[in-house]
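So this one's two forms of a single chain, laid out as structure tokens and tagged structure 1 and structure 2.
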Structure 1
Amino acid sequence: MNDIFKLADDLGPLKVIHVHEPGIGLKGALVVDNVARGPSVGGVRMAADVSTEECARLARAMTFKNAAADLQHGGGKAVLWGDPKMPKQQKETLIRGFCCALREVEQYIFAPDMGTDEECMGWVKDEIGRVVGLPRELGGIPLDEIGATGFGLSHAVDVAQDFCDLKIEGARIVVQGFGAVGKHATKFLCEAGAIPVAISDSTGTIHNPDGLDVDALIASKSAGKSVTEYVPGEKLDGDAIIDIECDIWIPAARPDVIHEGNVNRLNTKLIVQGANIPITYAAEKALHQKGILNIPDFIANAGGVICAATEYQGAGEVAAFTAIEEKLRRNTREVLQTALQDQILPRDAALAMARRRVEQAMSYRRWHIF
């Protein structure tokens, strides 16, 4: 508990709630960080090694992410202790028990995260109704299927053209990770005239300087094949994706893939972060010094969370795409303009923008954070 008190600052957390029901082996925690902009949204993470402190840090990240995305939502997060691969009936009992215990905490809206999925959110809907990330049959918008985050990424790139020596038409793109984010980002950018020259997945890299056929790659990936089975192209190991010269480099796989030890290998004009924290802060500084424009994760990959907020309002896919386009363009421009004007890292500009938005919302409140 002391750790939580050490983490407390002028923004939050507002509430830290522990839930324990020995009868069903339920142990969990909810942290509502800040709700000045509206009820908090953040996923329920299920894992065997979760902690309240981790939950508080993730809740703060959601406060900033939601404010940076310009959503009328604060930040929160919940953690549930246990192996997410436990028998389904046991998992259902825990999820149902957890959300029932938090029924009265209207400042928190449930959402999926690592270890929980749409089906789990369906159980939450059945019990308490306050949830996003639902299956389509229950009014959910399947954000990975429609490519919400990749669509947002393509708009961030479009705006970035005004801030670096780059035109999407004919730009060579390199994409690390070809899952929900990587596939759709590639597809939307190809529709705008970009040419994918290298793509990797967990098995390796495929490279062809004349361009790769994105539709063929998506079809082959859907058939369960690796991107390296694509022809014609040179098959390379996964790490080689960092060295390939391009105009736009998109990390869309794992955290911390670019660090001080490899950042100087990148040969690109623009980086758009699809994955969460794919580049360390020290590496971002190095990129800034080299004049490589870098759009941080919580600005560039906000399409998913904007889609979830749209679902919560009861609107559909068309409204989600409209909101993603409008918000991604405005937020990317504001961040890049500030970074340029103040000669600071885009990440620092984005964090300052998010904090300012939260503090402005707090200034209208009688009590500061709720």
Structure 2
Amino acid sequence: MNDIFKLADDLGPLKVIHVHEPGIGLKGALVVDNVARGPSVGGVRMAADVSTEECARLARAMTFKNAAADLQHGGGKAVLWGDPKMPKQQKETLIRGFCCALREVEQYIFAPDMGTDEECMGWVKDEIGRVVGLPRELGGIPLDEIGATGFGLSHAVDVAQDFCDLKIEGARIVVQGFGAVGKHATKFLCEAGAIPVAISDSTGTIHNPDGLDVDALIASKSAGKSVTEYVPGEKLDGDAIIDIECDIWIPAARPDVIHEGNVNRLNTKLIVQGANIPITYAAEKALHQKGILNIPDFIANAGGVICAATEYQGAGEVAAFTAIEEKLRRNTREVLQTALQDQILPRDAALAMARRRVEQAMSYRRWHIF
């Protein structure tokens, strides 16, 4: 808990709640960061190595992401300790128990994240009702199925063409992490003419400088296979994805995959952060000094939360895609223009924009916590 207080500042976190029920093997945490703009929205992340500190960092990222996207929601995040590939019945028990333990925390709206999906959110709806990212059958907009986050990333890349020596047509892309975000970002960029030359998942990397067939890779992943089973291509270890020369590099997996120790291995023109906090701040500084344009996470990957907020308002897929395109393009351009004009990191420009919006919302409230 002391580590969490070290992360506290004038914006939050508002609440840190630990949930422990040894009878069912439940261990989880919720961080509600800031709710000045409205109830917090943030995914439930399930992994064996999550931490409360990581949860707090991700909750703050959601505060800024929601503010940057100009949504009437604050930021929060929840984590569950466990293997997301555990037997379905066991996973359902943990998620149902977790959301029931948090039933009274109305300042947090559940959403899917790494290790959880629409089916998991259906269990949450059945228990407490306060959730987004539901299956289509329950009135939701299936974020993973339609590729909301990847769609937003493709628009961020399109805008970035005006700020770096890059054209999507013929651009070589490398994607670290081929889950819902990575595969859809790849697909949308390929439709715009980009060429995927390397993709990695938890088992390794597949590399082909002549290009990879994204549809074949998606079909392979849907069948439960690793990307490394794709042919033709050179099979490499997972870390090798960092060294492959490209025009666009997309981290779409875990936090802190790029840091001071490996940032100089990147050889690319543009980085678009599909994952949350995938690059340390020190590494982002190094990228800036090298002249590599880097679009930060809570700007580039906001498509999912925009879609979720649209769902929460009762709107459909058409409205969601329209909102994602409009907000992603406007915010990406504003951030990159400010960064260029003030000669600062894009993250610093994005943080200033988001913080300003949060502080303006806080100024209208008698109490910041309600």
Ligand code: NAD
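Note that the structure is predicted; figures quoted are calculated from it, not measured. FYI, numbering is relative to structure 1, first residue = 1. In this text, the rigid core denotes the largest set of C-alpha atoms whose superposition between the two forms falls within 1.5 Å.
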Quiz prompt | Number of the structure representing the form predicted on its own | solution = 2
Self-check item: Per-residue C-alpha change between the two structures, residue 163, threshold 2 Å, rigid core fit
Solution: no
Practice problem: Verify the C-alpha shift of residue 61 between the two structures: is it 2 Å or more after superposing the core? | Solution: yes
Quiz prompt | Is_shifted residue 36 between the two structures (CA, 2 Å cut-off, rigid core) | solution = yes
Quiz item: What is the Cα shift of residue 131 between the two structures once the core is superposed, in angstrom?
Solution: 3.9
